Ligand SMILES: Cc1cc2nc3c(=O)[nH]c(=O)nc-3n(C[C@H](O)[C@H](O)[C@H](O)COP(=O)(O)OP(=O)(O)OC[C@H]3O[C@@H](n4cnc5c(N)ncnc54)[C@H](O)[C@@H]3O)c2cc1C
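The chain below stands alone and is given in structure tokens; this is the form predicted on its own.
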Amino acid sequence: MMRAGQVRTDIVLLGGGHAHVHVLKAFAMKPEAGVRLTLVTRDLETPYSGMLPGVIAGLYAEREAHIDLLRLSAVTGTRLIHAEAIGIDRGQKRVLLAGRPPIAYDLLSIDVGITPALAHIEGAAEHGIAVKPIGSFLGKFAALRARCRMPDGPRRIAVIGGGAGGVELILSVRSHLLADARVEGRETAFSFALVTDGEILATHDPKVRDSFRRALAHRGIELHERQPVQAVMPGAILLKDEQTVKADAVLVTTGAAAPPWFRSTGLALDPDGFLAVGPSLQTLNDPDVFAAGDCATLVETPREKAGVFAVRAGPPLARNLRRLVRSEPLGPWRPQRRHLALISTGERYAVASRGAFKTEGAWVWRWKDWIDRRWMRMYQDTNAMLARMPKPRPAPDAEEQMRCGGCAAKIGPLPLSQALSKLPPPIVDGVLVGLETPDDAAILQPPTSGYLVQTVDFFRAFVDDPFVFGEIAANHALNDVFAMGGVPRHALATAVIPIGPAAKVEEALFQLLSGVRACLDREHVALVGGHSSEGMDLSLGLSVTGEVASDHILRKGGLGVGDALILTRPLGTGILFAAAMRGLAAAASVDDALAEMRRSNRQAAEILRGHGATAMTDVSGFGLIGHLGEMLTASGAEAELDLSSVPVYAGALAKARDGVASTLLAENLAQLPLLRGEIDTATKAVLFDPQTSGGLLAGIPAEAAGECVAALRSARHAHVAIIGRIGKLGVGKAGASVRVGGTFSTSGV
């Protein structure tokens, strides 16, 4: 990971396509001084088009054909922003994102693929299944397979489109559906059809077309060539000559469009709306914006939208981005007119062709399989990648080495004021003096009744995305107020931004505070002021002031005999993010954890209190046992814990068994004497794992526990669980203990 202070040029890669994964690796293998890569992606896993027909046919597992972008980003030192692009402000050089502030770029590259376009066939959007983009088709195909298992499910399957994608698709779909039926002992009364308005495989040699005509006929697949489609109707495809092809499920491979937001960018487009680029892969009217893959068109050397060209665009794209940073002349890329095509038949058999050359056989499929797996290993085998990477050699310049301390370490007035000016106006009443009219301190209206409740939290960033970090850090800070039965009202922030040029500092502070505001605004908490400083690492602290009614106060002490212990959120964030920093965590696991960490605990606290909570705390840095131990010590109680009921994030236990742990674990294990019972090392690691934005832990009277859990689940706290009970009181502080039984679920949540 590059410290922000070393950043002079931000290259933003928009989309995780085939060309961009090569750029990530190329810059990691040969870092460019002062250059930071940021990958903005809607999807955390990117499919490899060459293997997806094999996935559909059941020859590969999905994970074999996908690149984990979170893991790849961690290993290559790329900043990852999980968000969907909705536009570009080229004047301000910012990428517009859905649901969050835009991010700045110095150079931008776009590789976002295509979107489905079904309007050219009447009824296709209503009655057809869009196949493009192929990565999103996997979920649709899983749903189709499930429908086909039903007694009255689809039996007549048709594909519209006679290109390589359509031919491979009908063969692969047939193979998998028939295999499903055989495994389940069902009658295989399926029929299959392929419809195309011209010849199949029109861009290929006639020998290839003849070979696949024979393959389709041999497998009983009806072929309708030179039959333009007029409409897709329920149960049939209507052809231009008014004939029909009976079909219960119609898969449409024709028709792909560029993302609609391209039209508002002002970038040069081809007649079909795709980004028009020259031989350097720069867009025709903006040299700071590049594009590659299916979303782009090489206007001087146009080629079909094929994965092979997206893969081959990676090296010239990486070279030209590097050359532009260095102010060197850019080189042209002119892809070859003829390329090796390897098309499978839905089984372990394939046809190879290049120009007039053609061959086929099972050995061709093995050759294709070897080529595809070799390419995937370049981006999936992160250990091999790390072994080849140069060792980092930090070399701060003289200005960074001699930074002043004290108030001289504050962020300058210009970047500070500009970052604050970009934030929306506050939405909370009761602030007499706050950020909208900055002064030496905030002035607030006191509560009209009850008491003040105050807390403070501060920690270093654990994700590269400052917006997400700010949002989670604010959520984490509010939990202490919720846990005591209070309502947060105001917050002060202390932000530490890595040393760097003023523009980079301003951008980082804006993104960080935007994340803070995203959380606080949802909770109707006013950010009324704070302090900002430069430092080595991105860090954030919040001091939160709230109010609590005298009859709503909850403490860590107060547990009663028989109380059920309810935990609202899974364990394992410390382990998962320790793994993520090493490139060892799966994207899906980390994404699930981040989604939970960004959720508010306000409603959970209200439900727990409404069901008679006797004591409550939030599970944070000291782990479940550390914070439960505080409750037991304050209550003079013993607890019984059922590990089989304790929710754990998917992947956390497996990583703990691999020896992955947070750096705070060793300190937390000082509370190990609290435990009674034999548990293994991995279980200890989970129980004492420090949690960021963790769940609430509360004691609920036994008679109210079931109703409380049901209410929490109705409020979408899906992972809430009764994890144990209070067995005995009056043991004194020294006698507090936790008796542990059972084992964790191996699947996680």
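Here the structure is a predicted model, which means the values were calculated and not measured. The numbering used is simple: start at 1 and walk along the sequence shown.
One more form of this protein exists, namely the form predicted together with the ligand; it is left out here, but the text below deals with it.
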Give a yes/no on whether Leu216 approaches the ligand to within 4.5 Å in the predicted bound form, heavy atoms considered.
no
Does any heavy atom of Asp43 come within 4.5 Å of a heavy atom of the ligand in the predicted bound form?
yes
Taking any heavy atom pair closer than or equal to 4.5 Å as contact, tell me whether Trp363 reaches the ligand in the predicted bound form.
no
Contact flag, Gly113 vs the ligand in the predicted bound form, heavy atom cut 4.5 Å
yes
Could you tell me which stretch in 304-312, 324-332, 673-681, 573-581 has residues with non-hydrogen atoms within 4.5 Å of the ligand in the predicted bound form?
304-312
By the heavy atom within 4.5 Å rule, which residue out of Pro690, Gly50, Gly695, Gly724 makes contact with the ligand in the predicted bound form?
Gly50
Option touching the ligand, based on a heavy atom within 4.5 Å in the predicted bound form, out of Leu665, Ala236, Ala181, Ile134
Ile134
Each of Val548, His627 and Val731 near the ligand in the predicted bound form, meaning some heavy atom within 4.5 Å?
no
Along 597-622, which positions have a non-hydrogen atom within 4.5 Å of the ligand in the predicted bound form?
none
